[in-house]
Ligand SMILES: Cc1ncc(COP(=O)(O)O)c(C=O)c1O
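In structure tokens, one chain follows: the form predicted alone.
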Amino acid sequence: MIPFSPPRIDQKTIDSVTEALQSGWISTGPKTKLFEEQLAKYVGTDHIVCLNSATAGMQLILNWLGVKEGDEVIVPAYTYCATANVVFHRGATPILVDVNPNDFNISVEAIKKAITHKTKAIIAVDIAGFPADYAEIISLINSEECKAKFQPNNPIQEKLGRIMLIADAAHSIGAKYKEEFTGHQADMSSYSFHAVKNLTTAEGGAVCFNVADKFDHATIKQQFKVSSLHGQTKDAFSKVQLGAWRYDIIEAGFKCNMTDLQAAIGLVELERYEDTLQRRKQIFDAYTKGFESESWAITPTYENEDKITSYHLYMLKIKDVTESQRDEIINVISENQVAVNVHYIPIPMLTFYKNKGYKMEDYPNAYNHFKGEITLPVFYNLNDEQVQIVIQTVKNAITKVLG
């Protein structure tokens, strides 16, 4: 069987985790600090804070911004539910908008139509690792029209002076937009290191800051660290030092810190990440070559003059197919021992959101992408022979179902 996306676990990974275990310190400590420093160096920024997920990162960003009941946050309809869930957790309303007709990224024109005096933030998603249209979004939120609508309700929002741009960069560490890594475009970006991500820590995430023109990044990082640990002024590693037991709670915070066990995996993955990206690119290129002559195939765009993907998801689309036909094609592929997936079921199709009144027919581009989409296996140890097996298995399945 060819699996979908197993993590790269080898002796280097095992040795690094073993070292952390034998150090006597497995919660947030020196390895997490080192991983934050190395990540910041890789991305080319000054401060990054590591957490237990990208979802937690977005929660902390919205918490820092002071998003609350009565506020609105614009979110693409085509994304994983976490992007919208974090808005509900703040008591605010996710305003879903459609995506582009030719790729999976949020539509700037749809954003423009959705902005009201209640809008406090926009969450753009770098879906599949392909960056969103940041220059256009930034131009929009900096326009006099948008600034005139913006109504801040706390000192941070007043200081920012406009709608905040947040990147759900869960897929895109290592991707580039206008020759800079993601993390340099939005005000804050949240990366994921989940088990299926290019760079994994089993579970994990990180927030990258890009608001140095208005705020001090070191101060924000410390605020996020406090918020990620119940609002506690000292982490456990600091508290166990001789005589340093006393702490305070200065807010009703969360519990979403990264551990040194996670960071031990991440340090190995980061050291060889460029090698990982190179192999994933080879797999992407092989898939594109394998399907380019097929009339039914819409292969994904993963590079253009402004953008280079992180090669996270290869999202193949089948032209003029129904949702049920797509599902049957997946069944046939699975019967032939190749694991594929679908990214994602659009938010308005999910029961929780349907019950909130969101309707799929309001997002035609999102549905058109979804009904024909199949995500193919991409992982470091997927060899060239297996790639060809995937290609032929997909072709055979489509022939069987569509004729």
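All values reported here derive from a predicted model rather than from experimental measurement. Numbers for residues come from their place in the sequence shown, where the first is 1.
Note that the form predicted in complex with the ligand isn't included here; everything after this is about it.
- Stretch-level contact analysis of 95-103, 196-204, 259-267, 286-294 against the ligand in the predicted bound form, using heavy atoms and a 4.5 Å limit, identifies 196-204.
- Residue 344 belongs to the set of residues with a heavy atom inside 4.5 Å of the ligand in the predicted bound form.
- By the criterion of a heavy atom within 4.5 Å, residue 53 is counted among the residues contacting the ligand in the predicted bound form.
- Taking the partner from the other structure, the ligand in the predicted bound form has no heavy atom within 4.5 Å of any heavy atom of residue 182.
- For residue 177, no non-hydrogen atom is located within 4.5 Å of the ligand in the predicted bound form, even though that partner is not displayed.
- Residue in contact with the ligand in the predicted bound form (any heavy atom within 4.5 Å), chosen from 49, 58, 366, 39: 58.
- Distance criterion of 4.5 Å from any heavy atom to the ligand in the predicted bound form singles out 82 from the list 211, 332, 114, 82.
- Along 121-139, a single residue, 125, places a heavy atom within 4.5 Å of the ligand in the predicted bound form.
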